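One chain comes next, on its own, written out as structure tokens in the form predicted alone.
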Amino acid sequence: MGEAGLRADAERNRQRILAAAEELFLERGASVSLDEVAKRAKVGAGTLYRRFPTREALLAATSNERFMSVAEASRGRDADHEPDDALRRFLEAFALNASVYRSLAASLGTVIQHRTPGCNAITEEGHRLLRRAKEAGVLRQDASFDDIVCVVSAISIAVEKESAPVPRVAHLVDLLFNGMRER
């Protein structure tokens, strides 16, 4: 088997790991054993750890598409919303996506540092929206992207067991966003 065959096999293993992780994270939450993920993917633990050396790296990979979608949707609606409303909508979408897997929010700050395309997109969009809101004078100058991650994590943890989280997320974002407003 040539190198191309190994690459194709490695990519199949990667896809199996991601599919198994997605299933298990949705079923039982982000704290599921990585050995269980390897077993469900039908790969050895070493194969999993070579691709995803930490739980957070695997969470970043399984969240990649969701985070990309949040950032793309935010950029897409930018022209139709004032800076404060655009940031609020971004916070809501980010919080809902960070609560897809039980316990993901607890490690969100570490997860988004894994530099997947989705992590990069959500970070860049958060920074862009912060700048825009600060320039418009609707957001405190000392608000940072780290603050956004903390707010999103807290909201996501608060709603992760709710059967209808959307209204609760909107309410919590509104409460927290008002504390970040420029006075």
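Quantities reported herein were computed from a predicted structural model and do not represent experimental measurements. Throughout, we count residues from 1 along the sequence that is shown.
The form predicted together with the DNA exists for this protein as well; it is not shown, and the discussion that follows is about that form.
Q: Since the chain is shown here on its own, which stretch among 62-70, 42-50, 113-121, 150-158 would lie within 4.5 Å of the DNA in the predicted bound form, judged by heavy atoms?
A: Stretch 42-50 is the one.
Q: Is D9 one of the residues lying within 4.5 Å of the DNA in the predicted bound form, judged by heavy atom distances?
A: Output for D9 is yes: heavy atoms within 4.5 Å of the DNA.
Q: May I ask you to state whether R132 is within 4.5 Å of the DNA in the predicted bound form, using heavy atom distances?
A: Result no; R132 lies far from the DNA in the predicted bound form.
Q: Evaluate S144 for contact with the DNA in the predicted bound form, applying a 4.5 angstroms cut-off between non-hydrogen atoms, and reply yes or no.
A: Contact check for S144: no, nothing within 4.5 Å of the DNA in the predicted bound form.
Q: Please run the contact check for V138 against the DNA in the predicted bound form: heavy atoms, 4.5 angstroms, yes or no?
A: Looking in the predicted bound form, residue contacts with the DNA do not include V138, since no heavy atom lies within 4.5 Å.
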